[in-house]
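Only one chain is shown below, in structure tokens, and it's the form predicted alone.
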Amino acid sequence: MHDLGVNAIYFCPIFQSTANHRYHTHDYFQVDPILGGNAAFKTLLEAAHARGIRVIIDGVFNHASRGLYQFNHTLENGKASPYLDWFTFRGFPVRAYDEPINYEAWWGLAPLPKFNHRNPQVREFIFRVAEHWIREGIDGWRLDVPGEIDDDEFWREFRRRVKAINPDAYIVGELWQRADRWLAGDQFDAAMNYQFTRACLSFFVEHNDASRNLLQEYSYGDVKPMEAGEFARALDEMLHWYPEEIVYAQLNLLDSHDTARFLSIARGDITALKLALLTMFTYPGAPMIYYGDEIAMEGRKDPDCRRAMVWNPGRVNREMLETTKRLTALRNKYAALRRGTLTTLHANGKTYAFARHYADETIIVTLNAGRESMMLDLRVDPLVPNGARLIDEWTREEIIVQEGFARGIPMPARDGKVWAVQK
């Protein structure tokens, strides 16, 4: 991870469970023994922190599992259990292994009984779990399906408890649509930005009957092809949805354990993935690499998108890996890419250019999602003065700004470039 250039790791659930994906939590205070238990996690935390890498873990607080002590107690003791009000039962004895079940469960799935969050004991239990792991050294929480806990005050208190221990802890919610309600500054720091994902699928993936079928299969049926102008407007709109500090903390992603991999939706088109990654690493917010994207792993929808990581060097796409390392190094190099404003400079057909500006740094990104190479005369004033030089970050090619234009910018087909401005 350190070699890849990342500075944070987000883990899917790690707590004790009988499910490989661990969304069926048995014990929120124990790391699964199969993963090495609490001792191994402590070693990992220390090693990550020593390298400047923060660790975010998955908080599954909407539902637990039939193996959770409190649920199992009701299963064994019925109405005599003191934990009846931790869940919502519709009769006794509890039918946890026979259909139909008689309790509230996530999507009606028997292994995933839902907590009763109106119960003060349940709320306090979850808050104690959140506090415990922050004290143990984690750097934040990714919250699973938080919108299904329909209680703003619950999440406000969650935030207060977490931030009281570590004010810098990152709280990010799995919210698939626009999330104003949760991103007003009093609940979450950010959301998983699937709107960014959709925009990249719309612009960089070439659409035909095959791609439309894949998008429908992968639950992206609302994704339609975009020209550069629509793409630019979509990216710009996202920057104005929420308070600025939240926009710059948004978790931008191209795929996840819940979606087909971007490369598979693009039918193996590496150029689509590279263009999308370049955009993600130069756009405001926190870019997230789903494990394996950096070596061009493919995977259709869940569970195929959760394949085991490829460690065999002979099966790694080295070009993709070097491209990803180059992008992480780029973002780490320029404050403008982490904190700067974004200004659209050009958006026409399949070509898009924008600038990131912060203090005395200006970075210009040019993207060509089309199949034809071209030369672009790019108007850059008043952001870039006459006489300034645009220097290609990787080839060191230079273009001098004259009369407000950077003329003759090469736009290779299905490729992008990054230009640093020297005044």
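Each residue number is its position in the shown sequence, starting from 1. Not measured: the values here are computed from a predicted model.
The following text describes the form predicted together with another copy of the chain, which does not appear among the structures shown.
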Work out which of His73, His207, Arg161, Arg331 lies within 4.5 Å of another copy of the chain in the predicted complex, going by heavy atoms. His73
Which one of Leu68, Ala369, Val60, Leu390 is close to another copy of the chain in the predicted complex, taking close to mean a heavy atom within 4.5 Å? Leu68
Heavy atoms, 4.5 Å, another copy of the chain in the predicted complex: which of 189-197, 97-105, 298-306, 161-169 makes the cut? Say which one. 97-105
Under a 4.5 Å heavy atom criterion, is Thr344 part of the interface with another copy of the chain in the predicted complex? no
With the cut-off set at 4.5 Å between non-hydrogen atoms, does Thr18 touch another copy of the chain in the predicted complex? yes
With the cut-off set at 4.5 Å between non-hydrogen atoms, does Arg379 touch another copy of the chain in the predicted complex? no
Residue contact check: His26 to another copy of the chain in the predicted complex, 4.5 Å heavy atom: yes
Quick one: name the residues from 103-130 with any non-hydrogen atom within 4.5 angstroms of another copy of the chain in the predicted complex. Pro111
